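In structure tokens, the next block holds one chain alone, the form predicted on its own.
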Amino acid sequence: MTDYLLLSPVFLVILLSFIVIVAGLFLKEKRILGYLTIIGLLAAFFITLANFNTRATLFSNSIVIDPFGQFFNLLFLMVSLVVCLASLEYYGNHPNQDEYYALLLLATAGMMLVSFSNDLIIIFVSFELVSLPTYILAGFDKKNPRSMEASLKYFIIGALSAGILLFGISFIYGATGETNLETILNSNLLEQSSIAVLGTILILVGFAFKMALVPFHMWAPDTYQGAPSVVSAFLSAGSKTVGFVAAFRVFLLALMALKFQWYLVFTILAVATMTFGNVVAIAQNSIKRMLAYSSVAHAGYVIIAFVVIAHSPEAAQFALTGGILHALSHALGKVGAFVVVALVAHMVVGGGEEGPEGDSLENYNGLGKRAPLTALLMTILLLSLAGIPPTFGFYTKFVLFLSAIKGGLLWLALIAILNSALSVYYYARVVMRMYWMEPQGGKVHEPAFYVLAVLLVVAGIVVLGLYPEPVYRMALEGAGSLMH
């Protein structure tokens, strides 16, 4: 029974979603539901933190509680908390706040379950628990045509990726007769079966859609641009990261027998994704599309960990630690940046994101004079995404790129460094607009909840950049729990 209590944060989040939806039927002042959601997420966060480094297996080894899953649970709860704080302002007067927070909580619970999943079927079902609410959230602004378009595109691509993923799982099951990851690894049947190779490729394609890897990234820019900015923050920092979590578990545990095949594929994916994302981001005049393509590039950086693991077993744990850390710094940077986009739209455009002016780069002209705190926070976020010291983004890129060098892949590290240098151009362009261009109006009021949400993220980025040791140890524990 004690082991089952380790899943209490997940149960709490699911229970809270039902409480929110039922309470919404009776409450006239629905803003209180946002505060209730924040309290529940905080409770789940501290319970997870208190139990960190605890190990247990549940439900016939289909659920594994370990530091790897707990690390990402903390990340998902933190992202959801920041999004909920911003939503107190973004949807503070919306009549359907109960549905909004319930969907957000259910998607968060799905992410947490993916982190603990040790079975292909459980992973698939948990993925769907993440996907179905986020399809609705992307189109939550029903009167905004761009939001509805984003939801439809996201649904179609999501349904396609789910079908491909399930098809791949069926091939793996046909080859091994198992869906449990550890049992598949111990069966020694994967390397003897061409069906297993095909299944592996299909699973990889399914995950590539979720992670927005080139050429399976096409949904991300349109969805992030059309969805409400707070939902884009949740998608880029939460539901995208869950693809990395599942890929780490599946490809490190179950498919090690085929590592030569997916080493080559992941090498191509990493180089193509980071290069394409950075090059296309330069040409964007929409801040949301720029951040979307930047997110694609960061996915390419994380994939470096897979390449190193396959190429050099000696550097595997260090590479996985770097991948885990960079997934965290990317999530922090993106959730903060998209909340700033929502904040700027609220201040400069009056909260309207319906037209192209809602996320135009021109909105950032002179922001340093019009909203100095917001401009400062955005600058720090962009510096972290670019990998400029002493931010946390610099540290995680350093660890990740160093793992490639330790793994004998100096050429890959050089490509990643050049891509990181290229990204400085389009991040710096936003900073220059904020501080060097003339403002298009006077000072504006900076809403408290937006600023508080971004301030929490920026504080984390700065503190972890200056003192990364505790989170590095946690990531190292997570990597070790997955690889041994």
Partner chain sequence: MFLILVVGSLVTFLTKSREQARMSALLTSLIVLIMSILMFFEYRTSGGLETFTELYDWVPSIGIGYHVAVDGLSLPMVLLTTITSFLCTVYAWGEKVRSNQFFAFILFIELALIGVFVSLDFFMFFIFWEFVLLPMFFLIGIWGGPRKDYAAIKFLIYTHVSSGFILLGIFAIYYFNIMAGNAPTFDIPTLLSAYPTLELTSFWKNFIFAAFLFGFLVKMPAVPFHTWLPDAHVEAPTVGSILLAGVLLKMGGYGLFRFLIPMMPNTSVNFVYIIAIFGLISILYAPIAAFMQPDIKKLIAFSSIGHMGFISLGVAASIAAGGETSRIFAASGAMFQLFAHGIVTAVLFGSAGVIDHHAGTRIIANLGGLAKRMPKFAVLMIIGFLASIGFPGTIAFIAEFSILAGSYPQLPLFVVLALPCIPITVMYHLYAFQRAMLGPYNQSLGEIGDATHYELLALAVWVVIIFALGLHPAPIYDMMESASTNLIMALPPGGIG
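In this text, all values refer to a predicted model and were calculated from it rather than measured experimentally. Positions refer to the first chain, counted from 1.
Here the subject shifts to the form predicted together with its partner chain, a form of this protein not shown in this document.
- Message: Within 4.5 Å, heavy atoms only: does P468 come near its partner chain in the predicted complex?
- Response: Output for P468 is yes: heavy atoms within 4.5 Å of its partner chain.
- Message: Considering non-hydrogen atoms and a 4.5 Å limit, does its partner chain approach L383 in the predicted complex?
- Response: Because a heavy atom of L383 falls inside 4.5 Å of its partner chain in the predicted complex, the answer is yes.
- Message: Does any part of I388 reach within 4.5 Å of its partner chain in the predicted complex? Heavy atoms only, please.
- Response: It does: once its partner chain is placed as it appears in the predicted complex, I388 has a heavy atom within 4.5 Å of it.
- Item | its partner chain contact at F167 in the predicted complex, heavy atom, 4.5 Å | Contact with its partner chain, no.
- Task: Name the single residue among L402, L361, I121, A159 that comes within 4.5 Å of its partner chain in the predicted complex, judging by heavy atoms.
- Result: The residue in contact is L402.
- Item | Single option in L132, A413, M78, A316 placed near its partner chain in the predicted complex, where near means a heavy atom within 4.5 Å | Only one option qualifies, and that one is A413.
- Residue stretch of 449-457, 37-45, 58-66, 436-444 approaching its partner chain in the predicted complex, non-hydrogen atom distance within 4.5 Å: The contacting stretch here is 436-444.
- Message: Let me test this: is every residue among T379, Y395 and V424 within 4.5 Å of its partner chain in the predicted complex, going by heavy atom positions?
- Response: The answer is yes; T379, Y395 and V424 each reach its partner chain.
- Item | Sequence-ordered list of residues in 417-443 near its partner chain in the predicted complex, where near means a heavy atom within 4.5 Å | Those in contact are I417, L418, S420, A421, V424, Y425, A428, R429, V431, M432, Y435, W436, M437.
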